[in-house]
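Take a look at this one chain, the form predicted alone, written out in structure tokens.
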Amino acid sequence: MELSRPSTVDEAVAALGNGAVALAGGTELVPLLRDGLVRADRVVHLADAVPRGIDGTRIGAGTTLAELEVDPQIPSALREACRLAASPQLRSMGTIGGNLLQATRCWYWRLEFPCRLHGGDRCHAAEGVHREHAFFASDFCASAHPSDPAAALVALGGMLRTDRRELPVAELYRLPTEDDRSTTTLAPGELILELDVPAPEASVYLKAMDRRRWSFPIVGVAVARAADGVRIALAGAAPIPWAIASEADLDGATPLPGTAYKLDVARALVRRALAEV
């Protein structure tokens, strides 16, 4: 396997494709390579090419979660989502750009069952054990998106800049379908470069986990209050970060038998979060 270390965005984009994958902090990609879930002829290390750091509302995609969680310029919901996302070691390495592109933690996908995300014709989670899976939009794929910061950024109305375009963070994600099994709208070789996160009047991120710390969300709830109203987004609820307008939208959930308990958790967290903002 070849390692490339481009020094500019243009060099990084040129190095991608033809069996190459992008590497930032490595906390996501390295385990996937180790387990054979991602295969690559070349790894393109982005540390010298992608912006890093915080300048007001602007955040470089190479900024680590540890840097975000302690910076007072960062809204509370995003700081807390970063703090709760992983162990201190992983937060010191993992970047915000990489965190937004996490693969599902669905154990059927991780164990390479021929599920729909692997191109198969069945969702094994829907038929099997699925207590950590989705309770929204689970008809095609019942995986649950694992990123805490992604939900916070959707609630905060964050914008994202790639090497090709600008778009809301919410539009980075798409539900997988028969025709396209991807859960993001990124084109092949497209790089996330920067985020713009407007300052809310108030924001909060609350999370229920199987452990007290450093675990993926059973349910995460991000709420942000701004001049134009309140936005709510959920982690661990659907194959992508899931936005709802109010607690009443939880009535439209489509839980599997083993994920129905998540609705009770979500209702409690949404109420608490709304009260806090």
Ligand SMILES: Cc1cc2nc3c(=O)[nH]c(=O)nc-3n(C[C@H](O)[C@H](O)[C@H](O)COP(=O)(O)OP(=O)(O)OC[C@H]3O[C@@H](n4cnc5c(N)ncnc54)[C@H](O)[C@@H]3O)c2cc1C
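Residue positions are given as counts along the sequence shown, with the first one as 1. All values derive from a computational prediction rather than experimental measurement.
Missing here is the form predicted together with this ligand; even so, the following discussion is about that form.
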Please determine, with the chain shown alone, which of 210-218, 247-255, 66-74, 223-231 has non-hydrogen atoms within 4.5 Å of this ligand in the model of the complex.
210-218
Since the partner isn't included here, can you check whether this ligand sits close to all of 97, 101 and 105 in the model of the complex (heavy atom within 4.5 Å for each)?
yes
In the model of the complex, which of the listed residues (206, 170, 86, 137) lies with a heavy atom within 4.5 Å of this ligand?
86
Hey, in the model of the complex, does residue 29 get a heavy atom within 4.5 angstroms of this ligand?
yes
Give a yes/no on whether residue 93 approaches this ligand to within 4.5 Å in the model of the complex, heavy atoms considered.
yes
Is residue 112 close to this ligand in the model of the complex, meaning a heavy atom pair under 4.5 Å apart or at it?
no
Is there a heavy atom of residue 23 no more than 4.5 Å from a heavy atom of this ligand in the model of the complex?
yes
Using a 4.5 Å cut-off on heavy atoms, what residues in 50-71 are near this ligand in the model of the complex?
50, 61, 65
